[in-house]
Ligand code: OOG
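As a starting point, one isolated chain is supplied in structure tokens, in the form predicted on its own.
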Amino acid sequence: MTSQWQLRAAFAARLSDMYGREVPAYTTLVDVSREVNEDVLRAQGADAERLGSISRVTAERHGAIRVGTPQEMQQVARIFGALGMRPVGFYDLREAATSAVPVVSTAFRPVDGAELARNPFRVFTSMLTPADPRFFDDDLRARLTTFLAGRELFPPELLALADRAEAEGELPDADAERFLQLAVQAFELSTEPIDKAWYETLERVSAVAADIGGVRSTHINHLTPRVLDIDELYRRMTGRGIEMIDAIQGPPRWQGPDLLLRQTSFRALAEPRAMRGTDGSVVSGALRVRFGEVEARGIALTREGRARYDRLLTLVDEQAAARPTADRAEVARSVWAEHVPATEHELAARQLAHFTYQVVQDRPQDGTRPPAGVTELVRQGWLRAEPIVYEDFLPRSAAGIFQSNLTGEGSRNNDRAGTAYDIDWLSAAIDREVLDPFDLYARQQDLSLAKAARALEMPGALG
């Protein structure tokens, strides 16, 4: 029998192999990431593994796919459910992007700590929003809805195997192999000719809309390794002659703790695609929709910490606008230095970031009682705080990556009111709860505190 985590690990590895064959620059990205990680490990020793073992970091991937309808998103949820992955977080890229990116997104990933340690594969999954009149008028919406309703992204056999794997937590080896074959095939780039006129119609609205609704299949849009020093990777990729996007998205590089998520990518490459003209003839064309992304993960912030992060983004925008000749990265670093605690201890004490807490084995054993409060327990050597890795995404960063790889701004009618989507709407649409990532991190922290309180024989809960 093949368990869910084994299916997940095998699927991630096969997807990586497939994507490397389709997009050779991705293989270069993986190789450079590995080199950088090895160099950081040699230079920093155990400190390099503070946010994950080197084996986990090296194996880690996140993928990104795009679908067109709630039904397709629901089918994706069944496939990833077979791999022990649940929908976590709601991201509205329509509001995070300055150009036309008419999608809302969630991420499918493991949620249990042990499962994340086994294999943390996650897939950022975006869904088109045809109902939003800022992007699609009545006629185009009707045509798009008809087109999407007429395609089948995932064969019934794949969905049936997925349902079995999710319900039973495993599959017989032969069925597991069949599931993996069908699942990988579903995300390969199709060789079917694209209706050129239809694709270009959607592309005038948004290149993302065309990539989703202009073809009869889906595909891996990018696959992302994890690196321990993303600035060094950026330099090395550029040195190899690979064109990177203009900036690293997310928090700046600074002297304090790594927070949340930093991302960058190489630019989307022109890939040959067969195009069908209005007269039925098929010619060779090229599209730029797929790229190679890389990420560096930091510490998960609390709701209060995340609110501060969002305020600082606005502050950086304001200061950069007021000083147009200043280097934006330097502006961000100065803002961070002024407003963000410079140590993990301060982050924990001010409840801006999430940690797990373990009882120190050689804690004071002279009969003294432990002090009250987590901060004092850590300061006096009773507890050790370990940062919780941020496992999720940032809408503005995701939108920045999308925009950096678009060929045009698209069109958006801001005189129209947008259609509302939120986490509850998406949960109902896919018939399974989309989990709140803040709740997951808080639960992980609280469980560790409860265990520590029992070990220290302290009544009540620590907090």
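When you see a residue number, it is the position in the sequence shown, counting from 1. A quick note: this is a predicted structure, and the numbers were derived from the prediction, not measured.
Although it is not shown, the form predicted together with ligand OOG is what the next lines describe.
Student: Heavy atom to heavy atom, is Arg66 within 4.5 Å of ligand OOG in the predicted bound form?
Tutor: Looking in the predicted bound form, residue contacts with ligand OOG include Arg66, since a heavy atom lies within 4.5 Å.
Student: I'd like to know if Ala398 sits close to ligand OOG in the predicted bound form, meaning any non-hydrogen atom pair within 4.5 angstroms.
Tutor: Looking in the predicted bound form, residue contacts with ligand OOG include Ala398, since a heavy atom lies within 4.5 Å.
Student: Can you tell me if Tyr26 lies within 4.5 angstroms of ligand OOG in the predicted bound form, counting non-hydrogen atoms only?
Tutor: No - in the predicted bound form, heavy atoms of Tyr26 and ligand OOG never come within 4.5 Å of each other.
Student: With the partner left out of view, is Trp336 within 4.5 angstroms of ligand OOG in the predicted bound form by any non-hydrogen atom?
Tutor: Taking the distances in the predicted bound form, the answer for Trp336 is no, it never comes within 4.5 Å of ligand OOG.
Student: Quick one: find which of 234 to 242, 289 to 297, 133 to 141, 339 to 347 has residues within 4.5 Å of ligand OOG in the predicted bound form by heavy atom distance.
Tutor: Of the options given, it is 289 to 297.
Student: From the list Gln75, Asn221, Thr129, Thr356, which entry has a heavy atom within 4.5 Å of ligand OOG in the predicted bound form?
Tutor: In short, Asn221.
Student: Please tell me which of Tyr199, Phe266, Tyr309, Phe393 lies within 4.5 Å of ligand OOG in the predicted bound form, judged by heavy atoms.
Tutor: Comparing distances to ligand OOG in the predicted bound form, the residue within 4.5 Å is Phe393.
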